[in-house]
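Before any questions on binding or motion, here is one chain by itself as C-alpha cells, the form predicted on its own.
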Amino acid sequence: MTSSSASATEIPVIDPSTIVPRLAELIVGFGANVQPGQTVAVGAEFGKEKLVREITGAAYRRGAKFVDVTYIDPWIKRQRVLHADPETLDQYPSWYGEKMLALGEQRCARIALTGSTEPHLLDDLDSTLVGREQSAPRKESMQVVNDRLTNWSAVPCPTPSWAQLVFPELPVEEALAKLWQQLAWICRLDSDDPIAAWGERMAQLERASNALGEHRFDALHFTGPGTDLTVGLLPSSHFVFAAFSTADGIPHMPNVPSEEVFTSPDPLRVDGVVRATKPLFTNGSLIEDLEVEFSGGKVVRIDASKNADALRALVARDEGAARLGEVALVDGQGRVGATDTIYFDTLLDENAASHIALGAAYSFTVDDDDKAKVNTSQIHVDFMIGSDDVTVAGLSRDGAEVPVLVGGSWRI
C-alpha cells in the first residue's frame, strides 16, 4: 500500500495553540464560505467539541444567523446493529431526509467533521449488518449537492483513537499531536495566507482538468499490480476540481483538503479488475486488501482480507450501488500523499491517490443531455486505487492511448 509520494516530506512544526482556531476560520471562511444571515448546520461525532465550538464562533463572527450542531454518537450505531431487526437497518425516519431538503430549500451552509472517534468499535460485529445499517439521508444529501443548493465543506478532526490507529507505534498523546501537525500542514496552515496557498493549488488542478477536457477521452485505463480496469466516460463527462459554486453563486470548497480532479463515468462501461491501494474505512468498518471486479459496468466480485461483507452489503443496497458514480485522478504534487501516511479516513486518503466511487454520481460533471445517464444510488463509497505503481492512460474515441498519470506525474 503506497501513497503517491515515494517518501515522506519533512513537515514544519506549527504552533499547536493556533491550529484549531485557524482551521475553524479556514473551514468557515473559505471551505464552506459562510455568508451573513445564513443558518449553518455542523455535524460531528462526540470527541470533536473543541473544533466544533471554534467553528461555531467563527460562523457567528462571519454573520451567521444560527448555528445548528448535531453530535453523532457511534455507540448508538453499535446498539442498533446489535439489537434492531436486521430488516430495518437500512431505514431511517422521514424527517432525517426532510431536514436535509430543508437545508437546501433555505440555502443553508453545511460543515462536517470527518475522522473516526471509535475506529474499532464495530470490529466484533457482523460486517454484513454493519454495512447494511444506514442512518444518514444519503439520497437527499446527493440531491442537495447535485442541485447545488448549499455551500458546504468537510474537514478532518483528529481524535485520540483515530491518531492511535494512524500511528500505533506512538503513545496516544504523541500520536494525536503528530496527526494534528500533519493535518495543519496538509491544510496549508503553515502559510501566512492559507487561502492564497490553496488558490495556487487550485490553479494547478484547474490546468489539469482543462487538459483532460481538451482530449475528450472516451475512457480511462488503469494498470498496475492487481489492476487492469477500463472506466468508460460519457460523451459530455468533464473533469472538475473542488472549486464549487452554489446555484446562487456562492463559491466554496467542499473538501478541505482537496487534491483531486474528478468526473462522472458511464455506469454501463466499466470492465476489469482493480485492487485498492489503501484500506477503506466506511460506515464503521475497516476493509483491507480490497479487490473488485467489474463486468458491463457492474460489480461482479468483491474480495478482501477483512470485512468484505460490509462492502458487499453496501453494494446490495440498490441497483446503482454496484456501479460507478465517480472517477477521480490525483497527482503526486499534493500534500496528503507527501506525508506517506495511511489515514484510514476517506477524505484524506482519497486526496493522496486516484480513486473511484461506487454509487451516486455528481450530475453537474456532465451536460444536460447526459444527466439521465449518470448513476443514481443511496450510497457513495470512494476507494483508493492509485499509487506510483499505477499508470493511468486516456483512450480516445479512435482507439489511441494517451498517457495521463505516470508515477504520480501528469503527462498530458
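Position 1 is the first residue in the sequence shown; the rest follow in order. Because the structure is predicted, anything quoted here is derived from the model rather than measured.
There is another form of the same protein, the form predicted together with another copy of the chain; it is not shown, and what comes next is about it.
Exercise for the section: Could you work out which of G296, P93, P171, P225 is the residue within 4.5 angstroms of another copy of the chain in the predicted complex, going by heavy atoms? Expected result: Exactly one listed residue reaches within 4.5 Å, namely P93.
query: Considering another copy of the chain in the predicted complex, which of S236, T88, S305, S191 comes within 4.5 Å of it through any heavy atom?
result: Selected residue: T88.
**Asked** Does L103 reach another copy of the chain in the predicted complex if we count a contact as any heavy atom within 4.5 Å?
**Response** Yes, L103 sits close enough to another copy of the chain in the predicted complex that at least one of its heavy atoms falls within 4.5 Å.
At the 4.5 Å heavy atom threshold, is A196 in contact with another copy of the chain in the predicted complex? A196 lies outside the contact set for another copy of the chain.
A84 versus another copy of the chain, in the predicted complex: is there a non-hydrogen atom within 4.5 Å? Yes.
Would you check, heavy atoms only and a 4.5 Å threshold, whether N210 touches another copy of the chain in the predicted complex?
-> Output for N210 is no: heavy atoms all beyond 4.5 Å of another copy of the chain.
query = At 4.5 angstroms, heavy atoms only, are T39, R53 and R61 all close to another copy of the chain in the predicted complex?
reply = Each of the three qualifies.
query: Taking the partner as it appears in the predicted complex, which of 280 to 288, 150 to 158, 254 to 262, 71 to 79 has residues with heavy atoms within 4.5 Å of another copy of the chain?
result: This holds for exactly one stretch, 71 to 79.
Point to revise | Within 37 to 51, the residues that have a heavy atom no more than 4.5 Å from another copy of the chain in the predicted complex | key: Contacts from 37 to 51: T39, F46, E49.
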